[in-house]
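Shown below, as structure tokens, is a lone chain in the form predicted alone; questions about how it binds or moves come after it.
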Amino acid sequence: MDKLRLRFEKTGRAVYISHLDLMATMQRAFARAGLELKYSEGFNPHPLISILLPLSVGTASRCELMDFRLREDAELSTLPERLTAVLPEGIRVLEAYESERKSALLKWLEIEGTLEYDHGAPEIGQLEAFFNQGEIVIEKKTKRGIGQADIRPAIRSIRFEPAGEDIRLHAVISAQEPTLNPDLLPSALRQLCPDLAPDFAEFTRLETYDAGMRIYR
């Protein structure tokens, strides 16, 4: 067994663990579970472990994927229980398996979110009309500073429904090439149509798909 992959969830208080802290947490979990990670060669060896799509702080997920390599073979069916037992509350390993698909094949993310409004939610139709425009050009941070980007092509589908005094969002968005951070959805409202912008928004990743909308593992 060489190229292995974990699927795990990160929910509850664990959503506030940063990506770097999560990487350190996972490495410690392998050590505590008696599983020795392989290391790279060279002058600065590091453990061969990587998370396919780093998660923003505050966003929950039920479909995180992590590649890793072990020095010795292990019974993959026992890894979820062994690792979950030594991980913090809110991080639970769902399965471990030999990965057969390259990370570049991961294309779409299914997400849900809650949009909270302090002074009454807008009409569902207004939100649908906004996100179904031909283009949604916003300002966003890039490696070179602040730039403009049309996020509309990165939204495969989006719908809304009432959730008490809030609004529930369900969407399929681009996971990479380009990556669309769900936080850019309320950001687009704040920039282009502030009357529709929520006072608070939170999101959860639900599932990963390839370009043909087949579940990606």
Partner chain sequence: MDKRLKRILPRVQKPARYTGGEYNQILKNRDEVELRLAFCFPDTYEIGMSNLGLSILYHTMNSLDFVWCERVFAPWGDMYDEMKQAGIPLYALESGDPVSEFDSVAFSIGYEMAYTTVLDMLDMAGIPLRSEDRPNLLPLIWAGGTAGVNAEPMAPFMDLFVIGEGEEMNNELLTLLRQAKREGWSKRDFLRAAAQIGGVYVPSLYEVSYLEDGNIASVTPKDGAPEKVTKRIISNLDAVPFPTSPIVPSTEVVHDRVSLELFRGCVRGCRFCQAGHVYRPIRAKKKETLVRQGIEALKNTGYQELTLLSLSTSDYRELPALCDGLLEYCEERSIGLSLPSLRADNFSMEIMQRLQKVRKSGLTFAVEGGSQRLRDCINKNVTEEDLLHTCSIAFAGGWNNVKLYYMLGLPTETDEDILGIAEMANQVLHCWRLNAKNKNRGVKITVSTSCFIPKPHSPFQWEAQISLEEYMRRVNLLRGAITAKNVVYNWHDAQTSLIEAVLSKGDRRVADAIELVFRRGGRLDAWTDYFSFERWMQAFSDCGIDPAFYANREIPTDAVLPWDHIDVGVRKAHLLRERERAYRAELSPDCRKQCSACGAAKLLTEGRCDG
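Residue numbers count along the first chain shown, from 1. It should be emphasised that the depicted structure is a prediction, and the values quoted were computed from it without experimental measurement.
The discussion below concerns the form predicted together with the partner chain, not included here.
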query	finding
The partner chain: the contacting residue among 137, 94, 105, 86 in the predicted bound form [heavy atom, 4.5 Å]	86
Partner-contacting position among 123, 81, 118, 98 - heavy atom within 4.5 Å of the partner chain in the predicted bound form	118
In the predicted bound form, segment of 153-161, 29-37, 187-195, 60-68 with a heavy atom within 4.5 Å of the partner chain	29-37
Residue contact check: residue 199 to the partner chain in the predicted bound form, 4.5 Å heavy atom	yes
Distance check, residue 25 to the partner chain in the predicted bound form, heavy atom within 4.5 Å	yes
In the predicted bound form, residue 207 touching the partner chain (heavy atom, 4.5 Å)	no
Residues within stretch 5-27 having a non-hydrogen atom within 4.5 Å of the partner chain in the predicted bound form	13, 16, 17, 21, 25, 27
